[in-house]
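Single chain ahead, by itself, as structure tokens, in the form predicted on its own.
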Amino acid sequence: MSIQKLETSVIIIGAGPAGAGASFFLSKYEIPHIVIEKETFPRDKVCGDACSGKTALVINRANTEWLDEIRHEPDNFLPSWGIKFVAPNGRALDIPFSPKRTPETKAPGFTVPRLTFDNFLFAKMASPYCTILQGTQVNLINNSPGKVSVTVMHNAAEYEITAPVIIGADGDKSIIRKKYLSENAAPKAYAVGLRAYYEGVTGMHAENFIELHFLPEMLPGYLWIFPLPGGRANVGVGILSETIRRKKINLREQMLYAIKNSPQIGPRFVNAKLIDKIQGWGLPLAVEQQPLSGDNFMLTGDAGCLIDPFSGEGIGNALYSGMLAAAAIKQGIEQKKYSAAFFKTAYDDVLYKRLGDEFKVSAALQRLCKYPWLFNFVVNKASKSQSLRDTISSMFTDMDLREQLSKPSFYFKILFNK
């Protein structure tokens, strides 16, 4: 069987949010590209199913009409107005995403099953500049001076696809990361998540706040409850792999025990029904700056270990990194540069300049969760002080303010009411 040869400007491995984000903007820049996806859409992806304002921002930049579609489909996309933190002592703190909103304000975030959302993004990738090969297995990746060649099997035919640059958008088990950054696996930066779908969970917030429950036995991880369209809920847990190994935790058993026995959570699940099997996945966290590119390649989303260390957000960061990767490639094509030095400046440095402080603060907050007394202290104080609640709420939209959460002086001021 002869190999069919194709040439393009960019190869993208993976058609999830990171790959879709890159594709959207490559098409806007009129740059031809081929997307290789091993699954066939629609397909599920284990996830928390919560999308932040960052997700909305990238979609809006790609096409304003797409965001309007999302906001006019409440049966598929549930608008969310805030987040509820529940401290280890059981006290809750509601943090609205838009504390100063007006009647015209749109919900900054939303929840949607990944099966629905990824298929929505996949459908929007269609363009004259995008060729998608789904159900396609990558067999070989080769480098030669100034180019990358990928050999794949598609519909029983073998193809060799060549381009000056390849984007790894293929998740936490990325074959692109494994090939180019095999010594940069960052095992200590990994967490494990479990996801389950329930119906009949009671006590949801009227404005669909997502919930993070910092149970003592799961710190520095947490249990989440995210409302979904149709009265369902995404319920799961996330915890550092290192903690699981050290404490010999059976995460599934611990999750089910909390759902049944937690004083705050248990009563809400009395008549709830598990409607799908509990599934797990890896969470490569952005706890430190790692290389995201090199000669002729770039990593985006989970392949680049870009999940927020505190909130666990991955979708928004995946889309955002895909957008920045496309912009860097546009510059590379204009300047005929695809070197490691060029991509570090055009992509890595730009991404970390925009998201690096956010990652640092989130990593610091994650470390603070090891001290339940401190978490309890802040929530107790905030529950009694409207001004403190407003301050914390603003911290989730203003990174300069959010950074205060990681500084000891912030807690000193609270302690002495300053």
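No experiment lies behind these values; they were computed from the predicted model shown. So that there is no doubt, residue numbering starts at 1 and follows the sequence shown.
One more form of this protein, predicted in complex with a small molecule, exists but is not displayed; see below.
The partner is not drawn, yet in the model of the complex one stretch among 81-89, 218-226, 95-103, 266-274 has residues with heavy atoms inside 4.5 Å of the small molecule: 218-226. Although the small molecule is omitted here, in the model of the complex all of 36, 170 and 283 have a heavy atom within 4.5 Å of it.
In the model of the complex, the small molecule lies farther than 4.5 Å from every heavy atom of residue 298. Among heavy atoms of residue 43, some come within 4.5 Å of the small molecule in the model of the complex. In the model of the complex, no heavy atom of residue 160 sits within 4.5 Å of the small molecule. Taking the partner from elsewhere, residue 315 is found to have a heavy atom lying within 4.5 Å of the small molecule in the model of the complex. Residue 193 is the only one of 332, 109, 309, 193 with a heavy atom lying within 4.5 Å of the small molecule in the model of the complex. Only one of the listed residues (351, 62, 47, 379) places a non-hydrogen atom within 4.5 angstroms of the small molecule in the model of the complex, and that residue is 47.
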